[in-house]
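Here's a solo chain for you in C-alpha coordinates, the form predicted on its own.
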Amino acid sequence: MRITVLGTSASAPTKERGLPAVFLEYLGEGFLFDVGEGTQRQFMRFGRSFMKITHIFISHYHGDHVFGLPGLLSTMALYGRQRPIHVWVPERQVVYVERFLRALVPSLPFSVEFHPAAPGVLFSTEGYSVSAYALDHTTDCLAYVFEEAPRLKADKEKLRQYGLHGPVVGRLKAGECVDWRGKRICPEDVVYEKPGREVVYVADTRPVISNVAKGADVLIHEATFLESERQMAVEKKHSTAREAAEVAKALGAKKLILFHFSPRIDDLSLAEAEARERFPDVVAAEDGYTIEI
(Lines give C-alpha, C1' and ligand atoms only; values in the text may rest on other atoms or scores of the structure.)
Protein backbone atom coordinates (compact mmCIF):
# COMPACT_ATOMS: atom_id res chain seq x y z
CA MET A 1 0.00 0.00 0.00
CA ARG A 2 1.61 3.24 -1.16
CA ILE A 3 0.36 6.80 -0.62
CA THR A 4 1.58 9.77 -2.67
CA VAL A 5 0.51 13.30 -1.74
CA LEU A 6 0.41 14.89 -5.19
CA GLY A 7 -0.78 18.38 -4.23
CA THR A 8 -0.69 20.18 -0.89
CA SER A 9 -1.82 23.78 -1.41
CA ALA A 10 -5.19 25.26 -0.45
CA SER A 11 -7.40 27.44 -2.65
CA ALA A 12 -4.66 28.40 -5.13
CA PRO A 13 -1.43 26.75 -6.27
CA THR A 14 1.98 28.20 -5.46
CA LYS A 15 5.28 27.86 -7.33
CA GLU A 16 6.14 24.88 -5.16
CA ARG A 17 2.75 23.36 -4.36
CA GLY A 18 -0.10 22.05 -6.48
CA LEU A 19 -3.72 21.74 -5.47
CA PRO A 20 -5.18 18.89 -3.39
CA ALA A 21 -4.80 15.36 -4.70
CA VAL A 22 -3.76 12.22 -2.83
CA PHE A 23 -3.13 8.91 -4.61
CA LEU A 24 -3.38 5.54 -2.88
CA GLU A 25 -2.12 2.41 -4.65
CA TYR A 26 -3.23 -1.00 -3.46
CA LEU A 27 -2.69 -4.33 -5.22
CA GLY A 28 -2.68 -2.82 -8.72
CA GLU A 29 -5.63 -0.47 -8.16
CA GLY A 30 -5.42 3.29 -7.79
CA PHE A 31 -7.64 5.46 -5.61
CA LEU A 32 -7.49 9.24 -6.05
CA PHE A 33 -8.79 11.54 -3.33
CA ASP A 34 -9.66 14.97 -4.76
CA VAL A 35 -8.41 16.25 -8.08
CA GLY A 36 -7.13 19.83 -8.11
CA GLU A 37 -6.07 21.62 -11.29
CA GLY A 38 -3.08 20.05 -12.99
CA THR A 39 -3.32 16.74 -11.16
CA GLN A 40 -2.33 14.77 -14.26
CA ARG A 41 0.94 16.72 -14.43
CA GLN A 42 1.61 15.92 -10.77
CA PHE A 43 1.25 12.23 -11.61
CA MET A 44 3.89 12.63 -14.32
CA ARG A 45 6.14 14.74 -12.15
CA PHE A 46 6.26 12.15 -9.37
CA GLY A 47 6.34 9.02 -11.51
CA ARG A 48 2.88 7.69 -10.79
CA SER A 49 0.44 6.23 -13.31
CA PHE A 50 -2.97 7.87 -13.51
CA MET A 51 -4.04 4.99 -15.75
CA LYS A 52 -4.20 2.82 -12.60
CA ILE A 53 -7.02 4.91 -11.15
CA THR A 54 -10.23 2.95 -10.68
CA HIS A 55 -12.03 5.29 -8.25
CA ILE A 56 -11.93 9.05 -7.66
CA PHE A 57 -13.31 10.39 -4.37
CA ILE A 58 -14.18 14.08 -4.28
CA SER A 59 -14.54 15.56 -0.81
CA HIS A 60 -16.67 18.52 -1.98
CA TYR A 61 -17.23 20.65 -5.05
CA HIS A 62 -15.09 23.68 -4.22
CA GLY A 63 -12.91 24.42 -7.22
CA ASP A 64 -9.51 23.58 -5.76
CA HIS A 65 -10.74 20.02 -5.14
CA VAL A 66 -12.50 19.32 -8.45
CA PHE A 67 -11.31 21.60 -11.28
CA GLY A 68 -8.69 19.04 -12.34
CA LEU A 69 -11.26 16.38 -13.21
CA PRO A 70 -11.89 17.32 -16.89
CA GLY A 71 -8.19 17.64 -17.62
CA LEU A 72 -7.29 14.37 -15.92
CA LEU A 73 -9.97 12.37 -17.73
CA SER A 74 -9.16 14.01 -21.07
CA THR A 75 -5.50 13.09 -20.66
CA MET A 76 -6.49 9.51 -19.85
CA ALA A 77 -8.42 9.43 -23.13
CA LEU A 78 -5.37 10.68 -25.05
CA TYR A 79 -3.36 7.86 -23.46
CA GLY A 80 -5.87 5.29 -24.73
CA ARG A 81 -7.85 4.44 -21.62
CA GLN A 82 -10.74 2.05 -22.19
CA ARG A 83 -11.58 0.87 -18.68
CA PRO A 84 -14.47 2.57 -16.85
CA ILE A 85 -13.75 4.86 -13.93
CA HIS A 86 -15.90 5.57 -10.87
CA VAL A 87 -16.30 9.07 -9.44
CA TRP A 88 -17.77 9.56 -5.96
CA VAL A 89 -19.17 12.97 -4.94
CA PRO A 90 -21.29 14.09 -1.95
CA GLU A 91 -24.84 13.20 -2.91
CA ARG A 92 -26.25 16.75 -3.12
CA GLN A 93 -23.32 17.86 -5.32
CA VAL A 94 -22.94 14.95 -7.72
CA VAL A 95 -25.28 16.44 -10.33
CA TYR A 96 -23.27 19.68 -10.47
CA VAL A 97 -19.92 17.94 -10.82
CA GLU A 98 -21.27 15.65 -13.53
CA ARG A 99 -22.73 18.62 -15.47
CA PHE A 100 -19.42 20.47 -15.11
CA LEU A 101 -17.51 17.53 -16.58
CA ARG A 102 -19.99 16.82 -19.39
CA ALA A 103 -20.08 20.51 -20.41
CA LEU A 104 -16.31 20.56 -20.90
CA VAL A 105 -15.77 16.95 -22.00
CA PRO A 106 -18.99 15.77 -23.64
CA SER A 107 -17.60 12.43 -24.77
CA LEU A 108 -14.86 10.05 -23.69
CA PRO A 109 -13.82 6.63 -25.01
CA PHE A 110 -14.46 5.09 -21.59
CA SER A 111 -17.35 5.12 -19.16
CA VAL A 112 -17.38 7.59 -16.26
CA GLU A 113 -19.76 6.34 -13.59
CA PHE A 114 -20.84 8.98 -11.07
CA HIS A 115 -21.95 7.82 -7.62
CA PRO A 116 -23.59 9.83 -4.81
CA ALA A 117 -21.54 9.53 -1.63
CA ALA A 118 -23.04 9.75 1.86
CA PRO A 119 -21.87 8.83 5.37
CA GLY A 120 -21.52 5.07 5.75
CA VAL A 121 -19.98 2.27 3.69
CA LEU A 122 -19.80 3.25 0.02
CA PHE A 123 -18.73 -0.15 -1.27
CA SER A 124 -16.68 -3.16 -0.27
CA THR A 125 -14.82 -6.05 -1.86
CA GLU A 126 -13.24 -9.18 -0.41
CA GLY A 127 -10.03 -7.22 0.10
CA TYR A 128 -11.10 -3.76 1.25
CA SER A 129 -13.91 -1.29 1.87
CA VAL A 130 -14.34 2.46 1.44
CA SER A 131 -16.50 4.46 3.84
CA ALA A 132 -17.31 8.13 4.33
CA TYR A 133 -18.24 10.41 7.19
CA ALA A 134 -19.45 13.99 7.36
CA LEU A 135 -17.09 16.90 7.96
CA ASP A 136 -17.80 20.44 9.17
CA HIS A 137 -17.17 22.85 6.29
CA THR A 138 -19.06 25.66 4.55
CA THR A 139 -20.72 23.11 2.26
CA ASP A 140 -21.34 19.36 2.33
CA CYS A 141 -17.92 17.75 2.68
CA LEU A 142 -16.91 14.14 3.28
CA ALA A 143 -13.92 12.35 4.73
CA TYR A 144 -13.05 9.01 3.15
CA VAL A 145 -11.77 5.89 4.91
CA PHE A 146 -9.97 3.14 2.99
CA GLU A 147 -9.87 0.00 5.14
CA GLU A 148 -8.19 -3.25 4.24
CA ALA A 149 -10.09 -6.41 5.21
CA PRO A 150 -8.74 -8.31 8.24
CA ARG A 151 -6.23 -11.03 7.39
CA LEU A 152 -5.82 -14.45 8.96
CA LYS A 153 -2.28 -15.06 10.19
CA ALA A 154 -0.66 -18.12 11.70
CA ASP A 155 1.31 -17.61 14.90
CA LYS A 156 4.85 -18.63 13.92
CA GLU A 157 5.84 -19.57 17.45
CA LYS A 158 2.84 -21.86 17.82
CA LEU A 159 3.52 -23.41 14.42
CA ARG A 160 7.02 -24.27 15.63
CA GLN A 161 5.62 -25.53 18.92
CA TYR A 162 3.30 -27.98 17.15
CA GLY A 163 5.71 -28.70 14.29
CA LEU A 164 3.10 -27.54 11.78
CA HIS A 165 4.05 -26.82 8.19
CA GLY A 166 2.89 -27.15 4.60
CA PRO A 167 -0.72 -27.56 3.42
CA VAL A 168 -2.01 -28.30 6.89
CA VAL A 169 -1.46 -24.64 7.82
CA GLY A 170 -3.70 -23.61 4.93
CA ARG A 171 -6.40 -25.98 6.16
CA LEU A 172 -6.26 -24.36 9.60
CA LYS A 173 -6.54 -20.90 8.06
CA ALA A 174 -9.55 -22.15 6.10
CA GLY A 175 -11.27 -23.01 9.39
CA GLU A 176 -10.63 -26.74 9.62
CA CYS A 177 -9.49 -28.66 12.67
CA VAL A 178 -6.74 -31.18 11.90
CA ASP A 179 -5.26 -34.26 13.52
CA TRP A 180 -1.52 -33.79 13.70
CA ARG A 181 1.02 -36.01 15.43
CA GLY A 182 -1.56 -37.43 17.76
CA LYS A 183 -3.13 -34.09 18.64
CA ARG A 184 -6.36 -32.41 17.59
CA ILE A 185 -5.48 -28.86 16.55
CA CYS A 186 -8.15 -26.27 15.69
CA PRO A 187 -7.81 -22.83 14.07
CA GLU A 188 -8.14 -20.98 17.37
CA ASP A 189 -5.02 -22.78 18.61
CA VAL A 190 -2.70 -21.21 16.04
CA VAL A 191 -4.58 -18.75 13.82
CA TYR A 192 -5.44 -15.16 14.68
CA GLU A 193 -7.04 -12.26 12.83
CA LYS A 194 -4.82 -9.29 12.04
CA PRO A 195 -6.68 -6.02 11.43
CA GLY A 196 -6.25 -4.55 7.97
CA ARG A 197 -4.49 -1.27 7.33
CA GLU A 198 -6.60 1.90 7.40
CA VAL A 199 -6.04 5.23 5.67
CA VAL A 200 -8.24 8.26 6.42
CA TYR A 201 -8.44 11.29 4.11
CA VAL A 202 -9.81 14.48 5.68
CA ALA A 203 -10.17 17.59 3.55
CA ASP A 204 -11.65 20.99 4.44
CA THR A 205 -13.20 20.98 7.90
CA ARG A 206 -13.25 22.12 11.47
CA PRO A 207 -12.02 19.33 13.78
CA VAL A 208 -14.29 16.27 13.65
CA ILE A 209 -13.85 13.09 15.69
CA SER A 210 -15.53 10.08 14.09
CA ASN A 211 -15.54 6.50 15.32
CA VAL A 212 -15.20 5.44 11.68
CA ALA A 213 -11.65 6.84 11.68
CA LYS A 214 -10.51 5.44 15.05
CA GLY A 215 -7.12 3.72 15.02
CA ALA A 216 -6.11 4.78 11.52
CA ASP A 217 -2.64 3.75 10.40
CA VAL A 218 -2.41 7.01 8.46
CA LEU A 219 -4.52 10.13 8.91
CA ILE A 220 -4.18 12.65 6.08
CA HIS A 221 -5.64 15.89 7.44
CA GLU A 222 -5.96 19.44 6.20
CA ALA A 223 -3.98 22.14 8.01
CA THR A 224 -4.90 25.31 6.20
CA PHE A 225 -3.85 27.67 8.98
CA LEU A 226 -1.36 28.02 11.80
CA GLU A 227 -2.57 28.49 15.36
CA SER A 228 -1.92 32.24 15.12
CA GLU A 229 -4.81 32.34 12.61
CA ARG A 230 -7.22 30.21 14.63
CA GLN A 231 -10.01 32.78 14.36
CA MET A 232 -9.78 32.72 10.58
CA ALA A 233 -9.87 28.93 10.67
CA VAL A 234 -13.07 29.08 12.70
CA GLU A 235 -14.69 31.61 10.36
CA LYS A 236 -13.74 29.76 7.17
CA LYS A 237 -14.42 26.30 8.61
CA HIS A 238 -10.88 24.98 8.34
CA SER A 239 -8.37 23.52 10.80
CA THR A 240 -5.03 24.65 12.15
CA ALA A 241 -2.03 22.34 12.22
CA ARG A 242 -2.37 22.02 15.98
CA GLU A 243 -6.05 21.14 15.71
CA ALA A 244 -5.25 18.46 13.13
CA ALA A 245 -2.75 16.98 15.58
CA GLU A 246 -5.36 17.00 18.34
CA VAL A 247 -7.73 15.11 16.03
CA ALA A 248 -5.00 12.53 15.32
CA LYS A 249 -4.43 12.08 19.06
CA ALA A 250 -8.15 11.71 19.79
CA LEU A 251 -8.53 9.13 17.01
CA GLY A 252 -5.54 7.12 18.14
CA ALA A 253 -3.94 7.41 14.71
CA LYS A 254 -0.45 6.02 14.18
CA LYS A 255 0.79 8.66 11.74
CA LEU A 256 -0.44 12.14 10.74
CA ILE A 257 0.20 13.70 7.33
CA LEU A 258 -0.66 17.38 7.06
CA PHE A 259 -1.62 18.97 3.72
CA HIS A 260 -3.87 21.71 2.25
CA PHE A 261 -1.74 24.61 3.44
CA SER A 262 -2.65 28.25 2.88
CA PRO A 263 -0.35 29.84 0.27
CA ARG A 264 0.58 32.31 3.06
CA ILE A 265 2.48 29.52 4.83
CA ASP A 266 5.91 29.64 3.20
CA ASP A 267 7.73 27.51 5.77
CA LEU A 268 5.98 24.18 6.33
CA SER A 269 8.27 23.37 9.23
CA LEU A 270 6.18 25.83 11.26
CA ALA A 271 3.07 23.73 10.72
CA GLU A 272 4.95 20.53 11.48
CA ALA A 273 6.45 21.89 14.69
CA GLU A 274 3.09 23.23 15.84
CA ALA A 275 1.44 19.85 15.28
CA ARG A 276 4.27 17.94 16.96
CA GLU A 277 3.49 19.72 20.22
CA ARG A 278 0.29 17.63 20.30
CA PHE A 279 1.17 14.50 18.28
CA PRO A 280 4.60 12.89 17.82
CA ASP A 281 4.53 11.15 14.43
CA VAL A 282 3.64 13.95 12.03
CA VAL A 283 4.91 15.25 8.70
CA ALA A 284 3.92 18.42 6.86
CA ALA A 285 3.85 17.03 3.34
CA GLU A 286 5.59 18.64 0.40
CA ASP A 287 4.21 17.77 -3.04
CA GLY A 288 5.36 14.28 -3.92
CA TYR A 289 5.66 13.05 -0.33
CA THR A 290 5.34 9.26 -0.43
CA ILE A 291 4.88 6.63 2.25
CA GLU A 292 4.43 2.86 2.11
CA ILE A 293 2.54 1.09 4.88
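The numbering used is simple: start at 1 and walk along the sequence shown. Owing to the predicted nature of the structure, the values given are computational and were not obtained by experimental measurement.
There is also a form predicted in complex with another copy of the chain; it is not shown, and the following applies to it.
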{"query": "Triple contact flag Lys15, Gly18 and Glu37 to another copy of the chain in the predicted complex, non-hydrogen atom at 4.5 angstroms", "finding": "yes"}
{"query": "is_contact(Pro70, another copy of the chain) in the predicted complex, heavy atom dist at most 4.5 Å", "finding": "yes"}
{"query": "Heavy atom of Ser210 within 4.5 Å of another copy of the chain in the predicted complex", "finding": "no"}
{"query": "Distance check, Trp180 to another copy of the chain in the predicted complex, heavy atom within 4.5 Å", "finding": "no"}
{"query": "In the predicted complex, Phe100 touching another copy of the chain (heavy atom, 4.5 Å)", "finding": "yes"}
{"query": "Answer option from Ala118, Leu159, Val105, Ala77, heavy atom within 4.5 Å of another copy of the chain in the predicted complex", "finding": "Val105"}
{"query": "Stretch from 196-204, 181-189, 161-169, 78-86 whose residues place a heavy atom within 4.5 Å of another copy of the chain in the predicted complex", "finding": "78-86"}
{"query": "Heavy atom contacts to another copy of the chain in the predicted complex at 4.5 Å, residues of 260-287 in sequence order", "finding": "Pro263, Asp287"}
